[in-house]
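In C-alpha cells, the next block holds one chain alone, the form predicted on its own.
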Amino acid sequence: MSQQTIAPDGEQAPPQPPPRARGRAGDSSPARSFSRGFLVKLALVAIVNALALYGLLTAISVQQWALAASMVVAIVAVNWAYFSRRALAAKYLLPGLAFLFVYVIFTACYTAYVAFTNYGDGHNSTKQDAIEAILAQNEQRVEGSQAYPLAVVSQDGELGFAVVRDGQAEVGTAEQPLEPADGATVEGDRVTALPGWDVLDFAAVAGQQDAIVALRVPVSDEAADGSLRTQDASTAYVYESVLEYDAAADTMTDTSTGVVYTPDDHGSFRADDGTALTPGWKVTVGFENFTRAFTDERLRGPFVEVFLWTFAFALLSVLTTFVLGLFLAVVFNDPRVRGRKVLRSLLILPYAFPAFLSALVWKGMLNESSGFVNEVLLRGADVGWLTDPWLAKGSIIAVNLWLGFPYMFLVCTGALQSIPGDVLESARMDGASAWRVQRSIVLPLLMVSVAPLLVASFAFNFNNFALIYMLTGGGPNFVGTPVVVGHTDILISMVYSVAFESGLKQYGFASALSILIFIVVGAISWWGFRRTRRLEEL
C-alpha cells in the first residue's frame, strides 16, 4: 500500500525541477560541436601532430628509439587530452608538463648520461663510425693504380666526381659512393654531360679548388675499397687505407709497419706502445669524470682554487650588496631625508641597464693601458685591474656590487615599509635607542621576508656566468693545465671552458662538473631555506 505525503494547510509543495531535455548527454560539448573554437582547436592539434610526426620520422631515420617512443607518447597524449570530454584538467596541464619534460627532465637525464661517458671531440659516435673514419683518414694512393679522367660535377651545391670505369660512366659524392650514371654523355674517356648535374668548367673549378682537393668519393659501400681523390681536378686516383680492420679479432693493423691496434676501455684502438688511433668512439667510463678533477695532478690545484673562489665570490657578492642596499634603504626610509623619491630613482639606475652590457663597460674602464680608471682617475698609472689574479677578483666583487646593490636596495625598502609603525613607536616609547630598535626589531622582522631572497641570490651568484665571462673571461689563466681555466673562473664558467673553449671539447667531463654544481647549490639552498623557516617563528 503506497503512502502519500500531504502538505499542511497554508504551505505549498516545493517547486519541481524542470524536466530534462531528452537526448544523449554531452551533445552540447564543444568537442562534439563544429563551432569556430572547435575548428581552431582542430587546426592547432593538427599542427602539433604534424610536427610530432616529422620528429618521429626523423628519430626513426637516425635510430633514436627513445626519442621516437617519446614522440609517440606525445601524439597520443595530445589527441586524448584535447578530444576527450573527461580530460578537462589535462588540457591545461599537458603543455606545462611537456615543457617540463623537454627542458628539465630530459635535459637533466641526458646530462647525467653524458657525465658517465667519454663523449667529446674524438669520441662522439659509434665504434662502426670510428672504424670507417680511421680507414678513410689513413688512405694513401695505391701504387700503380689506374688514372681516371675526371669531371667535377655539382648538384644543388654539392660537389661530386664523374668518371668512366670499365666503360661505364659513374658519379658519386662524399656521402654517396660511385654508382652508374644513366644518360651520361661521354666523349673519349671523360664525362662531358650528366642529366641532373652541372659539369664545372675551369673557372668554377678554380673557385672551389680547396674543396675539390679535399673531396673524397668512396668507390663502394665498403670502406676498405678506398676512394677517389684528385690533386688537379682533371685526373682521379684510387686511394686505399694503410690500416686493415679484422672484424673477427676486432683489431686494426697497419699494413705498412705491421703494428696491431686493439680496442681499450676508453673507446680507442691503441698499440702496445700507447699510440692511439683517432677518432675513437663513445663508451661508458663510470665515475671517472667525477673524480678526474681531484685525481689529475695538473687539474687538481686549479680546480680546488676555482671551487673555493666560487664560494667566496657568491658569499661576498651577497654580503656586500645586501649591506650596501640595506644601509641605503634605512637612510632613505627616514622621513627627514629630503628628495627621497629622486634619490631612490637615481640609485636604481644601474639596475635598469643589462648586466652584460654594464660588465663590458666596466671592462673597458678597467683596461690596464687605456681604461678610464688608470688614464684619468689615476693619471696614467699602470694597474692591472683585470690581469693580476687578486686585483681581478677584487674588480669582479666591486663590479658585482655596482650591479647588485639596487636589487637589495629595492627589496630592503619594501621590507622596511611593511614593518608596522606602531611596533617601532612602542619600542621608542619604552626607551629603546635607535640602534636597539634597528638591531632588535627592524632587522629580525626584515630578515623574515629578505632571507629567502638572500638564499636565492647566493644560488644566482654561484652560477653568475655572464659577469665572469664578460668582465675577465675567467683570466688570467693558470699555466700548465690540460684545460683553459683562469684565476677568476667560477665553476660554471669553468664548465663552459671545458665544454667549448679548451680546444678539445670534453662534454662528459663538463657534464660531471655541472652535476657537482647542481648538488652543491641544491644542498646549500635546502639548508638555507630550512634556516629561514626558523625566522618565521620569531
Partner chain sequence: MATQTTDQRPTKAATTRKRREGTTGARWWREVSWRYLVALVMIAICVLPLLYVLSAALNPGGRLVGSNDLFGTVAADNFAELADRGFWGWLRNSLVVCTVTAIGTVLMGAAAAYAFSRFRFRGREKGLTGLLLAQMFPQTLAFVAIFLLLLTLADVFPALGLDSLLGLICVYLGGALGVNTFLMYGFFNTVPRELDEAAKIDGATHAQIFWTIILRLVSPILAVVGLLSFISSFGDFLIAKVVLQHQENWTVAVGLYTLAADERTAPWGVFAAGAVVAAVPIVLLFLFLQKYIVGGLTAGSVKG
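The structure displayed is predicted, hence computed values, not measured ones. Residue numbers count along the first chain shown, from 1.
The same protein also exists as the form predicted together with the partner chain; that form is not shown, yet it is the one meant from here on.
This chain is drawn without the partner chain; in the predicted complex, the residue among Phe83, Phe287, Trp402, Phe294 with a heavy atom within 4.5 Å of it is Trp402. For the residues Ala74, Ala451, Ile441, Leu328, the 4.5 Å heavy atom test against the partner chain in the predicted complex is passed only by Leu328. Contact check for Leu308: every heavy atom lies farther than 4.5 Å from the partner chain in the predicted complex. Contact check for Val62: a non-hydrogen atom falls within 4.5 Å of the partner chain in the predicted complex. When the partner chain is considered in the predicted complex, Leu410 lines it closely, a heavy atom lying within 4.5 Å. Not displayed here, the partner chain is kept clear of Trp197 by more than 4.5 Å at the level of heavy atoms in the predicted complex. Stretch-level contact analysis of 330-338, 126-134, 159-167, 181-189 against the partner chain in the predicted complex, using heavy atoms and a 4.5 Å limit, identifies 330-338.
Residues are counted as partner-facing when one of their heavy atoms sits within 4.5 Å of the partner chain in the predicted complex; in 49-68 these are Leu51, Tyr54, Gly55, Thr58, Ala59, Val62, Gln64, Leu67, in sequence order.
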